[in-house]
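Consider the single chain below, provided in structure tokens and representing the form predicted on its own.
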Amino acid sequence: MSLLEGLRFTRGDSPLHRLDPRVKFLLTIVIFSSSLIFFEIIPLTIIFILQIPLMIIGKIWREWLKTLKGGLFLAVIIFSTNILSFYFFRGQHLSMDIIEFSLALTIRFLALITSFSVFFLTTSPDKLSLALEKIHIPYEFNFAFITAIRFVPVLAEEAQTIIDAQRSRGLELDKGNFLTRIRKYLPILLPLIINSIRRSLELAESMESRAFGATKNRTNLFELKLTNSDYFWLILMVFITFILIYVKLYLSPFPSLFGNSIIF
């Protein structure tokens, strides 16, 4: 459940928190796109490392480490699945380039997690809602998206509470085969689903009592305005985008680190 910590907004007063949500979203898109266009381990590692100063500037590195810890299991699955698939589809030969490519895809996954953590950990749902309104997203879709962002970490925390409660009652989730473990999660899923339905009904009653959707001409107490810092980051991202395009067109593909030697 710690993987979902990357979706929980962390209050702070860092330069990253003060950036306009639209600028941070564009920053996330640049990092996300750069992680997808490269397949080599060298650029993906550089992209991942370059995000670490952002975590330090935003003072969110502790939450980011929790997110990486939660994604470690999926990272191992990605690495193992790629090695096994390439091993069986390439004549059952394991070479260093297969290991390097599998490791590159794993680093890409970690870089993608980090990029979204930069955005969601430093962007409050209220400011994100204002940003979506600025780009003329219908408020109904806007509200549904913001509500999902607010409640996903809450559901993760509630699921962890239910797991701890069931374990205190003697439920052993780590024993048995795969199907047995799935059946053991039923005492966790049922209370979680019931609580989710109950929470949705309470939210619907609260929205109705506040006349949700009664008027289309909504106003906001605060308005988003771009500052000099926002313009600086916009110019920087445009510069980085041109560099990425140049590297992809003229410097790619990058040399292999481990060569193409066959292990067995």
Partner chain sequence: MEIVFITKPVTIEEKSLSIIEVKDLSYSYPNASVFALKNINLSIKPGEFIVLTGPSGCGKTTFCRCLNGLIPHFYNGVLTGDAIVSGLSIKDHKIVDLAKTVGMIFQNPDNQIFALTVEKDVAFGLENLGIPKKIMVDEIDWATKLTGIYHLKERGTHELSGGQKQRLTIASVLAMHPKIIVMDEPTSFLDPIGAETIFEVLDKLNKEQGITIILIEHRMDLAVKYADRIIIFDDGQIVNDGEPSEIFSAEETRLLGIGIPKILNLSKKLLQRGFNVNHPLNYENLYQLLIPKLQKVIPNKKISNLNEYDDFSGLHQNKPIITVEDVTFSYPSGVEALKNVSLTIHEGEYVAIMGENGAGKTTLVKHFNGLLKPKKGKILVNDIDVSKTSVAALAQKIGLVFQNPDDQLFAEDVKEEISFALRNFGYNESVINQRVEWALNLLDIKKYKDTSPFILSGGERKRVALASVLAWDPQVLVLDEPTIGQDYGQKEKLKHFLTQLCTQGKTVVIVTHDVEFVAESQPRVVLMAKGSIQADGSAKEIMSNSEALKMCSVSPPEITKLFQKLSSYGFPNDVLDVDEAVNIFTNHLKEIQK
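Numbering follows the first chain given and starts at 1. Just so it is clear, the model here is predicted, and its values are computed rather than measured.
Keep in mind that the form predicted in complex with the partner chain is missing from the display, and what follows is about it.
Put simply, of L94, L171, A144, L72 only one has a heavy atom within 4.5 Å of the partner chain in the model of the complex, and it is L171.
Note on the partner interface in the model of the complex: the residue among I57, I235, M207, L65 having a heavy atom within 4.5 angstroms of the partner chain is M207. Mapping the unseen interface onto this chain, Y139 counts among the residues with a heavy atom inside 4.5 Å of the partner chain in the model of the complex. The partner chain in the model of the complex is not approached by F239, whose heavy atoms all lie more than 4.5 angstroms from it. Not displayed here, the partner chain is kept clear of S35 by more than 4.5 Å at the level of heavy atoms in the model of the complex. Although the partner is absent here, N220 sits close enough that one of its heavy atoms falls within 4.5 Å of the partner chain in the model of the complex. When contacts are defined as a non-hydrogen atom within 4.5 Å, all of Q166, R199 and F212 contact the partner chain in the model of the complex.
Across the options 108-116, 150-158, 80-88, 94-102, residues that bring heavy atoms within 4.5 Å of the partner chain in the model of the complex belong to 150-158. In sequence order, P125, D126, Y139 are the residues of 105-142 having a heavy atom within 4.5 Å of the partner chain in the model of the complex; the partner itself is omitted from this view.
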